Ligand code: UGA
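Before any questions on how it binds or moves, here is one chain, the form predicted on its own, in structure tokens.
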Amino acid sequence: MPLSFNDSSVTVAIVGCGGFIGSHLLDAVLCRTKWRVFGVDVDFYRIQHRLNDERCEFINADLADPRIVERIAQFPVVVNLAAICTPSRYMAEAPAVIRSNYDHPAALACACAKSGAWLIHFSTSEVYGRTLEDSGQLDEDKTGFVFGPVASSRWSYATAKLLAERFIAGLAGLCWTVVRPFNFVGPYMDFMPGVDGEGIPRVLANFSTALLRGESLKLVNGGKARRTFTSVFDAVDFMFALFASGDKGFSQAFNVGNPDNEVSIAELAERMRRIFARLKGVTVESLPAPEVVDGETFYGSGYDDSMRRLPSVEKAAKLLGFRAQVPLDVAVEESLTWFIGHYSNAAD
């Protein structure tokens, strides 16, 4: 039966509660329900305002610790958001990426199967693999998967995520749901290199960093790849539709995205330049022009890419009554507004 949002006896475990998505989900659970939260992460800077909340218990740990895994699985609902999901690390740290995205989720799934917990596992739209420019909508239950060769270590993340999905779906006794995000964006996304993180963040944070620093936006391989960008606030609404669905979401994988928000990376760059110029009160012409760069030069040896990722979202609409609503320009402006306010003093 559906979970009651007014039931104060419910505790949801959120693994990765201090991350980009987790911080928004944590806020929403505490604002929209009477539930308690058992939060696990290794970094809590995004949720400082929640650390003393009497309805929460937070543990500084990760899924590499079997004792923590067993404790997490004792709660009736477990949301696993923990992952290494920084593109530059897929090539440089493939073994660690695989452990984070397969070994640890598999251990958690086994513990949840034993305890009877409902595991909501966040996978990725990258499981759809090496899609082409003319690829149509990606269907959760029909679309096949094609990945690049082993030499293209960029696929370490996607293949580990896909194997985790297959393990979860095949595990006897496990109550599970898989979520495949399509480029969630919003406040608190990722990091600024050299300030609160190292390496290359995902594209929105990468472009936001360049804009704040007065640098050109780097268009990898010309920015021809197309992506569907989805507001993190839509993502949270999806989770509440799932929570309220009863058993309709069990044993299902769901795309969570907004097909109306599909653009090429080059088009995204122009939108971000325009919105940034308006927020800062400058002209677009005063900003550095975008610069085309080679993928392997930018990300490192082993880089490869998908040319288009456009989700079918009919399953979520049919089973959960959910459709994403936030337009692309609104989602980008929310993200940029936060990024400017948070990092302006550190941009130099």
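Quick caveat, the model's predicted, so the values are computed rather than measured. The first residue of the sequence shown is number 1, and the count goes up from there.
What follows is about the form predicted together with the ligand, which we do not show.
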Task: Contact stretch among 196-204, 239-247, 132-140, 110-118 - heavy atom within 4.5 Å of the ligand in the predicted complex - done: 196-204
Task: in the predicted complex, residue 218 touching the ligand (heavy atom, 4.5 Å) - done: yes
Task: Exercise: residue 192 in contact with the ligand in the predicted complex, heavy atom 4.5 Å - done: no
TODO: Determine whether any heavy atom of residue 227 comes within 4.5 Å of a heavy atom of the ligand in the predicted complex, and answer yes or no.
DONE: yes
Task: Contact of residue 261 with the ligand in the predicted complex (heavy atom, 4.5 Å) - done: no
Open item on the list: Within 4.5 Å of the ligand in the predicted complex - does that hold for a heavy atom of every one of 85, 157 and 299?
Closed with: yes
Task: Candidate from 212, 265, 73, 178 lying within 4.5 Å of the ligand in the predicted complex - any heavy atom - done: 265
TODO: Taking 4.5 Å between heavy atoms as the contact cutoff, choose which of 305, 27, 53, 314 touches the ligand in the predicted complex.
DONE: 305
Task: Contacts with the ligand in the predicted complex, stretch 103-130 (heavy atom within 4.5 Å) - done: 124, 125, 126
